[in-house]
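Next comes just one chain, in structure tokens: the form predicted alone.
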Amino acid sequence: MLIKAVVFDAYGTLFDVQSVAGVTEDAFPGHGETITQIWRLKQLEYTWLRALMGRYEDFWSVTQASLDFTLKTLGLVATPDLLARIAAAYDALALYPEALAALQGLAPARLAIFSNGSPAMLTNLTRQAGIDTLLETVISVDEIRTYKPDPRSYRLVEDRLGLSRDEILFVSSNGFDIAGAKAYGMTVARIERVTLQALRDELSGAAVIGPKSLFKALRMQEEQLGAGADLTISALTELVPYVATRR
């Protein structure tokens, strides 16, 4: 396989969705961790529900709606302005520590982001992280008005890059996204942010399973859908030598 482009998911892959915890904790002291986890779980669920119902709204609307759901479920009250300020934390997520070095090391290859994020969110996110100049393009599902893992979304990557699926290495940490891209026929690298053994140790040693541990179990492991990753890495920088031998 010759790799002509490396395409990254954004949320949870290049950018740490857990980094909103400081904002949620500041807004509602003592509730930050719970808000952070339920918010992200519901955010993903709303993308899937909207895709299945054929009632698309962009990711900014989904992000606000899932935060509103979370706060109401917890009995917490936020004004519309506060809700918008908390949601804006998704425009300023922290880049994972090794992500910049990985992108710089891969730079001879064509690099892109493919995300559920809305175009405005992704523009804000990549600019504030200083990686926009390293990317050839940023592709949003907003162009086709449905969400990953719909097969049409992965076809959009081929169309935008002018490449076939077997010339693209897709990188994600999200199990649903890995399964979707692999089922479509892409070569997929999984960035394993939490190993299964580490998760088992964490769960077995806990008297009470907290919201963050539950999130790791539900959203940070590979799905059992018969479409697993071709390559599993523990850091994005491991892609640099892998891609170098396949260009």
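All residue numbers are counted from 1 along the displayed sequence. These numbers were taken from a predicted model, which means no experiment stands behind them.
Omitted here: the form predicted in complex with another copy of the chain. The next part is about that form.
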Original post:
Quick check: do Phe69, Pro151 and Ala217 each get a heavy atom within 4.5 Å of another copy of the chain in the model of the complex?
Top reply: yes
Original post:
Should Leu74 be classed as touching another copy of the chain in the model of the complex when contacts are defined as heavy atoms within 4.5 Å?
Top reply: yes
Original post:
Heavy atom to heavy atom, is Leu231 within 4.5 Å of another copy of the chain in the model of the complex?
Top reply: no
**OP:** Give a yes/no on whether Asp26 approaches another copy of the chain to within 4.5 Å in the model of the complex, heavy atoms considered.
**Re:** no
Original post:
According to a 4.5 angstroms non-hydrogen atom cut-off, is Gln221 in contact with another copy of the chain in the model of the complex?
Top reply: yes
Original post:
What stretch, of 131 to 139, 106 to 114, 82 to 90, 171 to 179, brings heavy atoms to within 4.5 Å of another copy of the chain in the model of the complex?
Top reply: 171 to 179
Original post:
If you look in the model of the complex, which residues in 34 to 54 sit within 4.5 Å of another copy of the chain (heavy atoms)?
Top reply: Thr34, Ile38, Leu41, Lys42, Glu45, Tyr46, Trp48, Leu49, Arg50, Ala51, Leu52, Met53
